[in-house]
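Encoded as structure tokens, the following chain is the form predicted alone, with no partner shown.
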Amino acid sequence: MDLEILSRLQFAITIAFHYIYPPLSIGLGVIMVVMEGMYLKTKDKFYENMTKFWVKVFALTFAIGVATGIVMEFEFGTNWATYSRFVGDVFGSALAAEGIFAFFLESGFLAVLVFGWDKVGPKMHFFSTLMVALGSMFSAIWIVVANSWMQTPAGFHIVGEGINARAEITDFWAMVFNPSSVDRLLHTLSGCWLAGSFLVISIAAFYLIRNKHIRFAKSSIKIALVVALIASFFQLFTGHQSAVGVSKNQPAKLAAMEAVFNTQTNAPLYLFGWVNEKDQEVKFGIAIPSLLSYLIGFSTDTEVKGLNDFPEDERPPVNIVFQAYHIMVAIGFLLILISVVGVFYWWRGTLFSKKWLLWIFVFSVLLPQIANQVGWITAEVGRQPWIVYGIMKTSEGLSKAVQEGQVWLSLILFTIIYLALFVLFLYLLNEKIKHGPEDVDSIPSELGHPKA
């Protein structure tokens, strides 16, 4: 493998491991706010103790997320020095904003969230929980803004020439609200909410199958199901909006997502298939006629630009983008189905007697994670060969001094370390699940009778 492929692979592995944890933290933050808000409203200690358990899980994911995220910032300088020099002004402002408005907010209140239960009042602790949850989402905002600028750059001009060229911000808010940032941010956040809610659903369903912590598990599932139902439909909406934006701002990516080789109206939407890039056809595929054109323009006469309208060296890899995109969409609809079925049986009063559904809940925790990963692959591989879309190619952003052997060594070491951290995360999470919440099922209510 050449230096470019190695450097891309190293960054891909690093961010893939890292991206397991922030979505869980963001999703759990929302659910903790709901649970602790119910404690403030009802004064029922059950909800306080329920929140305490999920705070422990949140703290674990937050800690591992921070540890796995540090390396990426160094990789910008070591492997992608030319790129870093070019985008330094843009990324510097976005990452500085993340530090000021997100990380300091989140980490500043984290100690109160984790250790302040008996040291501050209930309202102050709830405020800390809210600030941590908002801080985690603010962090996502600035990271997505920076990445979206790479997809649809705006609010800048280029100063200097050649190796000394760099993008300089001319309009900060145009950079922040670049053409893809809002759609991509909302889609990313909905994926995070799904990741957190299905983690809660999975653990709570496991407890019910084992007949442990019954009231805790039932209450946790109900709260998380509501979040999952809202987030799953919201993700469908934001996904559609993102695809419409891609059709306007990155037509080559959309063409790869749906394997459109020739510009056409009445473009079909594939449910699945395998792309033969050499013959420019989709094998074993099933497509709905005209649906792609209709979805992106609300008319079957909407023209979809094909890959053959782009120079060969400016086309993304088709099959990997096609497969990743369709896996993401399929999982999105599956999460809607699971959420709707869960709420339906809850409404019928038979949710917790459906053991087959509880087992589906247990394994459903994997689905948002897979969807988030393949969604990232769709976004990042789909903009190739550009590292800054239409301005700088990925091959042009590489460091000039780094050798292949150095990248191989760091790639192997990082992979080993990240695998070790992932195993540690699973081990610690399993320990917390085995220990379970405090004996919340027997906590008396304010009226003096047990709420088991």
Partner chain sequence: MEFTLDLNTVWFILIGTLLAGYAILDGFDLGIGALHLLVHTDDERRIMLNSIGPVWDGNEVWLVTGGGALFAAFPEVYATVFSGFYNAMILLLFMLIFRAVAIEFRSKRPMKWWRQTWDFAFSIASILIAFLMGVALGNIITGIPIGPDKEYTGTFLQLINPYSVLVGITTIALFMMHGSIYGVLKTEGELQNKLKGWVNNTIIFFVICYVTTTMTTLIYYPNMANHFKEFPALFIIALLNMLAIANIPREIYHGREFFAFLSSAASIALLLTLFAIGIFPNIVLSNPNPEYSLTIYNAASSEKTLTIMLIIAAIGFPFVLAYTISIYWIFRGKVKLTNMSY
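These numbers come from a predicted model, not from an experiment. Numbering follows the first chain given and starts at 1.
There is another form of the same protein, the form predicted together with the partner chain; it is not shown, and what comes next is about it.
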{"item": "Candidate spot Leu95, Leu413 and Tyr427, all three touching the partner chain in the model of the complex (heavy atom, 4.5 Å)", "value": "yes"}
{"item": "Partner contact for Thr265 in the model of the complex: the partner chain, 4.5 angstroms, heavy atom", "value": "no"}
{"item": "Partner contact for Lys119 in the model of the complex: the partner chain, 4.5 angstroms, heavy atom", "value": "yes"}
{"item": "In the model of the complex, Ser84 touching the partner chain (heavy atom, 4.5 Å)", "value": "yes"}
{"item": "Phe109, heavy atom within 4.5 angstroms of the partner chain in the model of the complex", "value": "yes"}
{"item": "Options 333 to 341, 212 to 220, 170 to 178, 281 to 289; stretch whose heavy atom lies within 4.5 Å of the partner chain in the model of the complex", "value": "170 to 178"}
{"item": "One residue of Phe363, Phe74, Phe237, Phe298 in contact with the partner chain, assessed in the model of the complex (non-hydrogen atom, 4.5 angstroms)", "value": "Phe74"}
{"item": "Contact residue in the model of the complex, from Lys354, Lys305, Arg166, Lys248 (heavy atom within 4.5 Å of the partner chain)", "value": "Arg166"}
{"item": "Members of 88 to 103 lying within 4.5 angstroms of the partner chain, judged by heavy atom, in the model of the complex", "value": "Gly88, Asp89, Phe91, Gly92, Ser93, Leu95, Ala96, Ala97, Gly99, Ile100, Phe101, Phe103"}
